[in-house]
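As structure tokens, one chain now follows by itself in the form predicted on its own.
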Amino acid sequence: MKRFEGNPILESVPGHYWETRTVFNAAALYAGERVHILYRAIGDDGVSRLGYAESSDGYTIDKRQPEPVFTPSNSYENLGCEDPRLILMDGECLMTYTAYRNSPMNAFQISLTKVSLEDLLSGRWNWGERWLPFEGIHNKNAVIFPRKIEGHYVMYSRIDPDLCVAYSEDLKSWCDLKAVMHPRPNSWDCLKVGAAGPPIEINEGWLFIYHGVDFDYVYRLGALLIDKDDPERILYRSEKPILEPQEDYERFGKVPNVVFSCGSVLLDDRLLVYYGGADTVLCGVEYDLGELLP
């Protein structure tokens, strides 16, 4: 395991009203020989918006947009669009995110939208319809598998405290919602567990990074290997975390002792995991696949 030498790779920008406070949890997608990063930013108004940056090598930021590329547009997300996850399927980039509103009921829930790959590569942010797959249900951290399994779209999300799965034929109506992984007693992930970035298909199955939280609210990352044809069958779960807060930028910030990921990319046999440090800055870490699998 090796943290990026340039960590943090993205920080807040004082002159940008929408990202003056924090820049963290980012989706990542490799396409067109570049890593595309959609990150969560919070400005002086406390609203979460999404910014864009890109990298040719995965480590060094080559380009960063001065304006947000995705902003709240519905009443159910008037306080922000949080923690995006991004996959490529059939020429479209499908994004899941957490919609947050100032209401005592249904304050946060999953939302979906999409943009064409062509538009993403050219910087045209023509986002399509936004919709709630589980309207009225408090859940977060949704990821879509990047291909159908037995003819169905597959989603993981967190309904506290468990990692849950659901299936759909059209991305609108979802069924068979059930828990597939629970917190482990007396462990680093004893309070709650949830998705990091979308699963990545490798020869052995689906490589899946997840977050675990303990009773001291320390956020760490772990790894799963999931059966390639059965998303409810976990073949391997790491006993120890693969990443935990150690550096100052992970231990001190808006929310101390947090490493939280929303996206990874696989380049050859190297997995680059992008993560928020202390809910304040965006960082990265690199793994060889052999480090993550038994």
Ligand code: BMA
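The numbering used is simple: start at 1 and walk along the sequence shown. As the structure is a prediction and not an experimental result, all values here were calculated from the model.
What comes next is about the form predicted together with the ligand, which is not displayed.
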Check: Among the candidate residues Arg101, Lys114, His152, Lys140, which is the single one with a non-hydrogen atom no more than 4.5 Å from the ligand in the predicted bound form?
Finding: Lys140
Note to self: in the predicted bound form, does each of Asn25, Asp83 and Arg158 have a heavy atom within 4.5 Å of the ligand?
What the structure shows: yes
Note to self: Heavy atoms within 4.5 Å of the ligand in the predicted bound form: which stretch in 26-34, 257-265, 54-62, 225-233 meets that?
What the structure shows: 257-265
Check: Can you check whether Asp279 is within 4.5 Å of the ligand in the predicted bound form, heavy atom basis?
Finding: yes
Notebook entry, point to check: Is Tyr97 close enough to touch the ligand in the predicted bound form, meaning at least one heavy atom pair within 4.5 Å?
Noted result: no
Checklist line | in the predicted bound form, Arg40 touching the ligand (heavy atom, 4.5 Å) | finding: yes
